[in-house]
Ligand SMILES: Nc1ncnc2c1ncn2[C@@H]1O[C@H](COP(=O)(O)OP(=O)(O)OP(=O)(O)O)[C@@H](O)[C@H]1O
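The chain that follows stands alone, in the form predicted alone, written as structure tokens.
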Amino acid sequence: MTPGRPPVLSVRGLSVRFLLPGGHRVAAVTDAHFDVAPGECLALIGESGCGKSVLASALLGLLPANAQTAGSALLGDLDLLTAGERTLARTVRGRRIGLIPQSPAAHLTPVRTIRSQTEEVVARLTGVRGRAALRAAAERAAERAGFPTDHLDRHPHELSGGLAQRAATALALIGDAPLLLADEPTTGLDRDLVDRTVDELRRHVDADRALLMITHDLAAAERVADRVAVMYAGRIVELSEADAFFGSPGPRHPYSRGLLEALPERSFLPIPGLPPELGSLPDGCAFAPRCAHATDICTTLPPLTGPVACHRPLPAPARTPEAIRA
């Protein structure tokens, strides 16, 4: 991270509600607060269905018509939540936010080659013209994302999942956007491809650019993240430095601790129960029905603006005399 620099993205009180027939509302995201600094990778983690991808769609203005948003999401001096579609389409998507979608193959045009799609994005975002110049620029974009140039003339259905991911990454990086938003960029990849993919994303974070990676893959988050935001039932329940989260003292929210302990290389113990439906959240802490540490106070909602949204955060391990002297 670059000290003293304003954040690339500053989110305050972001909430998303879906209005369903009969007047029922689904609270998909509630009161999210976080920043993403220049030179930083922030990993937004949590189980599937917790609202991570809805938050990403809100930032890009890609929510359906029945969605209502509140709060703010400042990209520089532009509030993404109130910006019109014309502004988002012409000045934000691709230029100020590069998106690596959750399902790359579904976002690539199936009847066009990767080369033609790449050249089109190059022309639109960089102004390069001329057949030879576009061809060279498309090959540079492919190489930058680790996509083999001899596959550029293939169609999306001819690519493996990993190559489709790299093609989407190449398109997202062309505009050198200040913010790269990667939504589950490792879904369906084997471990070696996961490591290579997140390493490539991390390499493109520099003094002026940042990465917001949305993932349920904790190993990928540990590999590249500077900070971690944990989401549960539409709420960010913990914000932590990655070293502290994955190392010592470890996460302090019981849900965060449960996520780590469920990993095979740790205790391999699943969190009991299932996440609540976002349309029927319980009163108070949404994790309380699954939490071994819950008490009566957990029937009230804990504050959501601190580093740990929990009435009874887990204590850090006691420091040994040797550690104190050190």
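Residue numbers here begin at 1 and follow the sequence given. Keep in mind that this is a model prediction, so the values were computed, not measured.
Omitted from view is the form predicted in complex with the ligand, to which the following refers.
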property: The single option of Asp31, Glu40, Glu47, Asp35 touching the ligand in the predicted complex, heavy atom within 4.5 Å; result: Glu47
property: Leu259, Val54, Leu281, Leu60 - the one with a heavy atom within 4.5 Å of the ligand in the predicted complex; result: Val54
property: Every residue of Leu163, Asp217 and Pro264 near the ligand in the predicted complex, heavy atom within 4.5 Å; result: no
property: In the predicted complex, Val26 touching the ligand (heavy atom, 4.5 Å); result: yes
property: The ligand contact at Gly273 in the predicted complex, heavy atom, 4.5 Å; result: no
property: 4.5 angstroms heavy atom contact with the ligand in the predicted complex for Glu184; result: yes
property: Exercise: Gln68 in contact with the ligand in the predicted complex, heavy atom 4.5 Å; result: no
